[in-house]
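Quick setup: one chain, the form predicted alone, written in structure tokens, and binding and motion questions come after.
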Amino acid sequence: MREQPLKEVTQLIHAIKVGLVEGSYGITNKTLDIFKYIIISKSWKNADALMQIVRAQCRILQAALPQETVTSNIARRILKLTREEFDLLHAKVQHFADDSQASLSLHKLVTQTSESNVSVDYSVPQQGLREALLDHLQEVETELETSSENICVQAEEHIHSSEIILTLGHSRSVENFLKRAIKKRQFLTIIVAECAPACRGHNLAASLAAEKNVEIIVIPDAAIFAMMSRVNKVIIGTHSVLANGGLRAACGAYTVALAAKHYSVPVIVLAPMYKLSPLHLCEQDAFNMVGCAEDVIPYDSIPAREAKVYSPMFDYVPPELVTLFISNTGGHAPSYVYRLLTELYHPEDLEI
């Protein structure tokens, strides 16, 4: 039977496609609101029924928005929370049912938890599950709201006075991070690669230029390698972080990372936890998107009659070109991403 989308899911898909909802943070927040609505309003009787609804709506979002991995990421968070809350409530019931459980050793608790994970029946109704999930979702909402601030407070640890920083395009995380550094450090020089053809780097440069005690230099993408020898650090944002620690970042990020590698310049990537995806490059049905070619060659020009023009929106940056990830929980090496994924998502939910 074909899965039917909820009205709220259809509205979110439309809003993203027409540009009413933009940015990973906005999409994540809206997706979380939908799943919160499902938990509150839908007539599910047990954890298994709820997880089936979440998976069904997530598959619809995946099919309609294959590039927006944050929708699947937040669904996986919901699924893991559902499992954990069910297991916790189930363990409490078992505990009160048997008085001998009151003096269990730590070893028994650990072994019983691991054994129960194998044979848990999520189709059994569990009283209090809905309320427990809503309480936990409040914590997730708070985490999302504070993620940007928690990343920004780390700026002082990584940026020092009189340094030359290079960035690419316009990332809101990078903008807030650099603004925090500008307030705390003196004599900074920030080089912004314009990230053609959209040239969103101009927006970042204009925003940072409003701050005091900072020098802003805008360069074309072709000058990245020439300027890299002067740079102390590269700080960029990313659309998503893949399971191996690689990036799906703005087109041009691979060029920046290669140039930084050549000159041994550290590459720091700002990525809140909701951007961590358990997917690999080979699993992506639509890793890239092709943008409008009008900005590259005007349609009414003579070369456009003969030329085939492609304007990809994303680059893949392998993990060996990344020095450090800065998330809302701290700094992590690319090799540690696999560990973060095990903390965020349940193994059975990696494939929705």
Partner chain sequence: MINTNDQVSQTESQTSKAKPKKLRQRNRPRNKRNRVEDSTTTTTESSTTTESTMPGENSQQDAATREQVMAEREAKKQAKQAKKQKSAPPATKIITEVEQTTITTKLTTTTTTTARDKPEPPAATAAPAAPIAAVTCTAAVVTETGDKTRDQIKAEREAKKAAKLAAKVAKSSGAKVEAPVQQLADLKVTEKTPAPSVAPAPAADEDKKKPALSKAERRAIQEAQRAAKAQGQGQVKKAQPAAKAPVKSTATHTAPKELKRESVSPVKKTTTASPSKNSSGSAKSECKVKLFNHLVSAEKGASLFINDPLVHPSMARLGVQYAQRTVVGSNARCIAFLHALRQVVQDFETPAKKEFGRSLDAAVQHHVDHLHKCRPLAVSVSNAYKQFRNQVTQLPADVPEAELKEILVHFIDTYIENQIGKAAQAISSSLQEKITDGDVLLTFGCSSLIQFICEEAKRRQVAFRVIVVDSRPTCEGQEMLRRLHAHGIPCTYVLINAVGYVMAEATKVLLGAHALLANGYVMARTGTAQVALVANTHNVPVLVCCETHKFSERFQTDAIVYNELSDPNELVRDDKCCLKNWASKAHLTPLNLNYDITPPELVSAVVTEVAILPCTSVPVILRIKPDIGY
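Since the structure is predicted, the reported quantities are computational estimates derived from the model, not experimental observations. Residue numbers count along the first chain shown, from 1.
If you look for the form predicted in complex with its partner chain, you will not find it shown, but the lines that follow are about it.
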Q | Exercise: residue 255 in contact with its partner chain in the predicted complex, heavy atom 4.5 Å | A | yes
Q | its partner chain contact in the predicted complex: residue 136, any heavy atom under 4.5 Å | A | no
Q. Does its partner chain come within 4.5 Å of any heavy atom of residue 310 in the predicted complex?
A. yes
Q: Verify the contact flag for residue 206: yes if a non-hydrogen atom of it lies within 4.5 Å of a non-hydrogen atom of its partner chain in the predicted complex, no if not.
A: yes
Q: Check each of 131, 84, 215, 145 and return the one that places a heavy atom within 4.5 angstroms of its partner chain in the predicted complex.
A: 215
Q: Heavy atom within 4.5 Å of its partner chain in the predicted complex: which of 259, 159, 273, 182 fits that? Just give me the one.
A: 259
(Q) Please identify, from 172-180, 264-272, 149-157, 191-199, the stretch that has a heavy atom within 4.5 Å of its partner chain in the predicted complex. (A) 191-199
Q) Can you tell me which residues in 314-330 come within 4.5 angstroms of its partner chain in the predicted complex, by heavy atoms? A) 315
